[in-house]
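Below sits a lone chain in structure tokens, taken as the form predicted alone.
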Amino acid sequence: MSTLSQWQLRAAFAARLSEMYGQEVPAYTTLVDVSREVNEDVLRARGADAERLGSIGRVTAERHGAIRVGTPRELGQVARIFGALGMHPVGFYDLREAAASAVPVVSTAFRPVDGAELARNPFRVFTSMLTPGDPRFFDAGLRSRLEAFLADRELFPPELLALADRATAGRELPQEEAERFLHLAVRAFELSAEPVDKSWYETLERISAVAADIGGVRSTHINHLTPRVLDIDELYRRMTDRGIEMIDTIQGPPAWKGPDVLLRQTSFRALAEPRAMRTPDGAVISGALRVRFGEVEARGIALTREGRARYEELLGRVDERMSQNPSASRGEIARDVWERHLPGSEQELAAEGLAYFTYHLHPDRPRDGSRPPTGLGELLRQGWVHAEPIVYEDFLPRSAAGIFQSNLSGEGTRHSDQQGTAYDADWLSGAIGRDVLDPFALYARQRNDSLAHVAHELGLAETLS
């Protein structure tokens, strides 16, 4: 009997989820089509350089999804489903602190972590969990009602979870079981036709539209599905030309003449989708909710901790200059700040220890019998090794919050005089029963493994750093 390995399950799930979401949100299909057109044009114009951060095959297939759940129990179940696909929780994001609007969630991202697995299929899912215990958003009475509502629902059927555990244990599933698993998994993230309790939803919506989307319904759904594009500024122009309303900005680093770093994101605005609503007298009426939008991303080079500190510093400089001149173009100010304070080439980023690269023996390295230098800088300068950038596989809290905020219908309510409930990666690890991995450690391991290999091949006594 044929079987499907975890990466094949992951690829099939990503493709089927994309097909389902395109049927539910037709504008998403437009976004995918325009992304493909832009990528093809960039590839023609830039040749091999366009694939510096991933082959065109990988970029075209790449997606990240976003879902929202209500409790640690539900998040633990999500971890089991994505664990079956070879995806692990990476990074901790606190969107409560990153948004001006009320966004009472903490998040992680499930993704492959091995380089070969990422190359096969880099599907990732940004997963947010509601924080009912945070008194800045929920008073004691509403918290009690919300927690009771969440405890009473079942997002994922036991059969799906059992198949997920089997796939995780065996690292594969027989064809028939794989088909059943994929069917149940995709269905779990479809938009439910069950009527929404109008009064309960509106109660939560006054606190936060995100809270209502999570805790105001008895199911979950894919919130957005994100293709990757090689020129996000061109995509923004083309989507606008097609009459699709985009959010006001592209989140993340500015467009500039230097290397692409981290992550840039934008989206079309959340659409009013028809939903059945149940009124307090029991009648079912037709309504509409704006909770789902079409996001697109452009990925750059992963930054080291020092590089991220520099990035945060530059954001602060931009914020300060914007406060002094509110009518100025944020994009132009950011571009000027970047060009003044961030290295303008990959070589400089590597030399200053601001970005992650893997290192490889140069095929045209010296062959005259001379001994190689012992320092990485000289090995690069003299042509013994070359550096390949490591693509950033993760997310930015401020950018994620900015996308959420740009698609909300209102600011919501936050009582900033209250003390917020503390959450961190260790808490989240305990809550879901598996380690939330540190993305910096994952990138550093890729870099260090490549340096150890280079040192061994060149016969150097010590590992390079």
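Note that residue numbering begins at 1 and tracks the sequence as displayed. Everything numeric here is computed off the predicted structure, so don't read it as measured data.
What comes next is about the form predicted in complex with a small molecule, which does not appear here.
Checked against the small molecule in the predicted bound form, the residues F123, F138, F395, Y356 give one hit for a heavy atom within 4.5 Å, which is F395. The partner is absent here, but in the predicted bound form a heavy atom of A66, alone among V32, A66, L428, V38, sits within 4.5 Å of the small molecule. At least one heavy atom of E295 is located within 4.5 Å of the small molecule in the predicted bound form. Although the partner is absent here, R96 sits far enough away that none of its heavy atoms falls within 4.5 Å of the small molecule in the predicted bound form.
For the chain shown alone, H224 is a contact residue for the small molecule in the predicted bound form, at least one non-hydrogen atom being within 4.5 angstroms. Although the partner is absent here, V436 sits far enough away that none of its heavy atoms falls within 4.5 Å of the small molecule in the predicted bound form. Only one listed stretch (43 to 51, 66 to 74, 24 to 32, 436 to 444) carries heavy atoms within 4.5 Å of the small molecule in the predicted bound form, and that stretch is 66 to 74.
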